[in-house]
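Encoded as structure tokens, the following chain is the form predicted alone, with no partner shown.
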């Protein structure tokens, strides 16, 4: 009941909160406040693209204080009510003491516990795969079966489908309600075929609104993870509240995510990092999210494996993981696709920086930026998992060295990345075996990562 009351208090605040338009929030209140906070804390101009992984703990702590101030001054904007949900400073401190420092997901031998981490602590993070990359519905089961055949993968979220038994999966229609149910059946069949019955899930991939979620979340034995995607950083909508009420009643856990954008309304790298920290700090007090996540992307190429994206995300992650006992989730957004060397290099940079900075959980990959249908295979998933887990004990200085080594090899392609090839082109779908040339590339890039000093755990299938 305490969780329900938290949500009700947030809804009451939205109903009676200060009224502002979304345009005022996006274009005036948010950017002005973040810039004021950054200036007051002396953080403007602190971004160092030449060292994309921050290794200064004092700077991370300074950003935490700035993020805290921004959270108290701003709160969350709710577009459904055109009002602001504010959290007083004493309430924020009290609520962050109550965040669970670890929690279980899944059942039986497949159950995992999501841990709070510190930078470079060596604690194994949880890897969930894949993101909600769109696939043809007939590819769902074989793709997921292939992905889950490696024990490097701890949980499942995607992929997503855009048709249900040949009919279009249209948002805000009964098709979406059925889509949640249909995806649940496909998911369970794939997990059974992979021998992973009981594995934890982030639900529901094919339905971003509450319709598919409400239809399907109760079809899984709890605890599972509720997927809430808010409109943007420092915003929350009614869809998240719908999902959170049901999740609390059934015994699951809320994962609430919304990215900040370097070059968007949150401004430059420093103010974007502050906005990311504030977003993560407010998600448990407002929505009860046990696993908050506000990744930072560079808006010009919609990824975060370049220098400013890496810097903003690494310092925001370190700020939270050094100063709270809250498990933290952020995504790594590759913009290149399968069967390209660039994809593996982006993964090394993004996953090394994230894991060394203390990130507890991630869902990946976003191969080809998630913009090309069917561009996803098991090999990309396993590579992401191996780097993410292998880099958990790396020092921040070593992680920075790794990123400086690989960035010159791909950053010139960030604005025109190769999209690679599709699952059908790279795999024998019936046998679930990769093209020999792609397997050779995968194994070669594993050796390259190990040569950089990243201990790469085996996938249990090919190595």
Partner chain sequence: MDDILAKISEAVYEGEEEEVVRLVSQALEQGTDPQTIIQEGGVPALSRLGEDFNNEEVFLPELMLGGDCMKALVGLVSPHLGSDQGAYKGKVVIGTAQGDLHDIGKSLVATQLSIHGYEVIDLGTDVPTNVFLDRAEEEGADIIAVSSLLTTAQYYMGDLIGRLNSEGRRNRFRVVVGGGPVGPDYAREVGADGYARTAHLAVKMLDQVMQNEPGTALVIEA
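Positions refer to the first chain, counted from 1. Keep in mind the model is a prediction, meaning the values are calculated, not measured.
Missing here is the form predicted together with its partner chain; even so, the following discussion is about that form.
Here the chain stands by itself, but in the predicted complex one stretch of 390-398, 63-71, 31-39, 428-436, 31-39, has heavy atoms within 4.5 Å of its partner chain. At a distance of at most 4.5 angstroms from its partner chain in the predicted complex, none of the three residues 324, 452 and 454 contributes a non-hydrogen atom. Taking a 4.5 Å heavy atom cutoff to its partner chain in the predicted complex, the contact residue among 264, 100, 115, 104 is 264. Site annotation in the predicted complex: the residue of 162, 121, 110, 189 reaching within 4.5 Å of its partner chain with a heavy atom is 162. Under a 4.5 angstroms non-hydrogen atom cutoff, its partner chain in the predicted complex lacks residue 246 among its neighbouring residues. In the predicted complex, its partner chain sits beyond 4.5 Å of every heavy atom of residue 151. At the 4.5 Å threshold, heavy atoms of residue 199 stay clear of its partner chain in the predicted complex, well away from it. Heavy atoms of residue 93 never reach within 4.5 Å of its partner chain in the predicted complex, leaving it off the interface. In the predicted complex, the residues of 415-431 lying within 4.5 Å of its partner chain by at least one heavy atom are, in order, 415, 416.
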